[in-house]
Ligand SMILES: C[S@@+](CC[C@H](N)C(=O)[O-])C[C@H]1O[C@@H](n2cnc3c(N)ncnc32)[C@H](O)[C@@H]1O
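A single chain, nothing else alongside it, follows as structure tokens in the form predicted on its own.
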Amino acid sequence: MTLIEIACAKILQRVEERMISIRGAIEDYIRIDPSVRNVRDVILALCLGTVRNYILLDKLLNYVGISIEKLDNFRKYLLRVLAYEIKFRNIQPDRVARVLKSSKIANVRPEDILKIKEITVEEVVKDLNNVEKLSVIYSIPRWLVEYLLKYFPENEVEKMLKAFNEKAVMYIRVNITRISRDELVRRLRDRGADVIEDEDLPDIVKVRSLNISLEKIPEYREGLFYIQDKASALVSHVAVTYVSDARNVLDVCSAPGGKAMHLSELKNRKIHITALDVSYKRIETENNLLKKYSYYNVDVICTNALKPCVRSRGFDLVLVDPDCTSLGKLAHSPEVRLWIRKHHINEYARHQYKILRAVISNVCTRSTYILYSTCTITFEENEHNIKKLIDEQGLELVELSSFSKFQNPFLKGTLRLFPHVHETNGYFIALLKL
């Protein structure tokens, strides 16, 4: 079987170069090399740990005289993986030697890289300024640390960065059209899972620990629950709370369909949803999911949200959850930090605003509500876009006072969730009316 370290390096090389998820890259790799299928969970943990510490690992390597700057991406990640195992796991010296020999990395001796074990983080960061220290300790790009310090107190920023580097809290959403939350919790506990009912949303369950993959549990295959972050599930609860009489809904950035299905469940399927997405691959995934669980009240169309091929203007509610920098998901998807750059913030913000403008121009009437959400923490993609929409388009902001726990101190009436405060992804939600 392929050495796990070699597999991880190839996977992380693919992740960075193609800007794809670690989990997706692992599945791609398994199709090429099925021999590693049985150690998938080990590979995932090793990849996640390496990425969550990649800047620190580079500093540790440099501290013992090993530079990775001129190496190709495969060898760069292989040394990072080894450094992670040496520093945070109990890898044996003979295995380190075997991996180095098989990869033919010139001028790197096992005895040199093994020195990392004895080096403390304090030694590595002792001469750095505060921004650089935070960047290295939490392996968050320096520009992002500087960005956060512009808006939040330093102690708050450090708590946020720490939360980004911890394993994301897992939530599941109960399909209340098929099973009660109480019954699902009972069944999961019978299977050995440590789960509790969420105190804020009536169809959300927090998973504290489990001894089997959720995807392998029969209740998952039966569609009795879905894996969805609590922050994302909050969007549909906002919709049914404030636009309770909505019967015709447009979801303009829908795939893979979590919000469309959730909203349909909360309305007991007495609602029609038109779901749009620009990606044929994502649309195919959504269509398969909808068909599998018989969501016949959702019509899916592959189209560009900037020029939606939808003729109707009779929508009561339009959901807009566009692509974003995804900086609120760094705990769940730490690989985002490998490719996201500061300039992407304004690029995404401009594109999001264009989508909102297109929605207003093409599919809205004076009675339409627009529910906007992102899984990012930047102000340009959130508050600034909403203020601009109000100022330039004359929209009215609906105050989401029913969800007081998640009130946004930066823009009254909107909601913000933070991983270090709410144990969710970082998220923003705003409801507007024409």
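Don't overthink the numbering: it's just position in the shown sequence, from 1. Note that the coordinates shown come from a computational prediction; the quantities given were computed from them, not determined experimentally.
The following text describes the form predicted in complex with the named molecule, which does not appear among the structures shown.
Proximity of Asp277 to the named molecule in the predicted bound form falls within the 4.5 Å heavy atom cutoff. In the predicted bound form, the named molecule sits within 4.5 Å of a heavy atom belonging to Thr303.
Under a 4.5 angstroms non-hydrogen atom cutoff, the named molecule in the predicted bound form lacks Arg80 among its neighbouring residues.
Contact check for Glu154: no non-hydrogen atom falls within 4.5 Å of the named molecule in the predicted bound form.
Shown without its partner, this chain lists Ala255, Val124, Val169, Val238 as candidates; in the predicted bound form, only Ala255 has a non-hydrogen atom within 4.5 angstroms of the named molecule.
Though the named molecule is absent from this view, in the predicted bound form it lies within 4.5 Å of a heavy atom of just one residue from Leu290, Leu100, Ile86, Ile355, which is Ile355. Shown alone, this chain has one stretch from 265-273, 279-287, 129-137, 114-122 that lies within 4.5 Å of the named molecule in the predicted bound form by heavy atoms: 279-287.
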